[in-house]
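Here you get one chain, nothing else, as structure tokens; it is the form predicted alone.
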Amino acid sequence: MLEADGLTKEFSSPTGTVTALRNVSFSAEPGEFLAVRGPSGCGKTTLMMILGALQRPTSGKLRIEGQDPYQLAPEARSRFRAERIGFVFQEFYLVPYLSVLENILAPSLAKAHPDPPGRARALIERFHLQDRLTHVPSALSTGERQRVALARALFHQPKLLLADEPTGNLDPENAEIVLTYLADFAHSGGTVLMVTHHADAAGYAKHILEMEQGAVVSTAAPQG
């Protein structure tokens, strides 16, 4: 499903070149749940941006289902991203003036779907949002906003789900709900890569990639 081969990312700064990612290599199969941990500034977000086909690496190769998205023209890469990759973030990034239903339907504007209302209804039921259809994000609880964001990410049935601190703003009960949904996505054959600072959240993963100073320094199964 996903193969990273020697991914390196460098940025120019007034004091010289900054290496944010250093020769990162790993792979993830369909049905696999990976967690990425490490201190702030270690390269986790840069890695997620590259894996999401949002930021071209300086060197190295990325393959998702055998395709390197950075070999595609910008429009084709955007279509590739919309079809295959779902994103879940700590800050949700819901459109503030759209209702729950409209936020979940938003991905259909970027890529056609054969039955947008039907797909939205299925997700609304799955995430128990039936009583919140017309609410805007400011009228929702934090847990409800994250469930809307997750439903939106799953609209096009992606093969790869990238989650950046998806439980960072949630209480333990809602965090468990979100992590269970991510685990279910993996159990159904999808691939999940989640950045997290929380050991409990990482415990849902099959493997944990530990990062330091832009490099993956170890790969292990969760303890306990």
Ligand SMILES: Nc1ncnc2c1ncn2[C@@H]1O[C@H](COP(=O)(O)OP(=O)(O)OP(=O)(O)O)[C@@H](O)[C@H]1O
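We number the residues from 1 along the sequence you see. Model, not experiment: these values are computed from the prediction.
Another form exists, predicted in complex with the named molecule; not displayed. Remarks below refer to it.
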key: Heavy atom within 4.5 Å of the named molecule in the predicted complex - the one residue of 174, 45, 67, 58 that qualifies   = 45
request  = With the named molecule left out of view, choose which of 78, 90, 108, 99 has a non-hydrogen atom within 4.5 angstroms of it in the predicted complex.
outcome  = 90
key: Per-stretch contact check against the named molecule in the predicted complex, the hit in 22-30, 35-43, 152-160, 184-192 (non-hydrogen atom, 4.5 angstroms)   = 35-43
query = Within a 4.5 Å heavy atom cut-off, is residue 63 in contact with the named molecule in the predicted complex?
reply = no
request  = Although the named molecule is absent from this view, report whether residue 198 comes within 4.5 Å of it in the predicted complex, heavy atoms only.
outcome  = no
request  = Could you list the residues in 1-30 that come within 4.5 Å of the named molecule in the predicted complex, counting only heavy atoms and keeping sequence order?
outcome  = 11, 18, 20
query = Hey, the CA atoms of residue 46 and residue 90 end up closer or farther in the predicted complex than in the shown form, with the change being 3 Å or more?
reply = closer
ask   = Between residue 90 and residue 41, does the Cα distance in the predicted complex come out closer or farther than in this form, changing by 3 Å or more?
value = closer
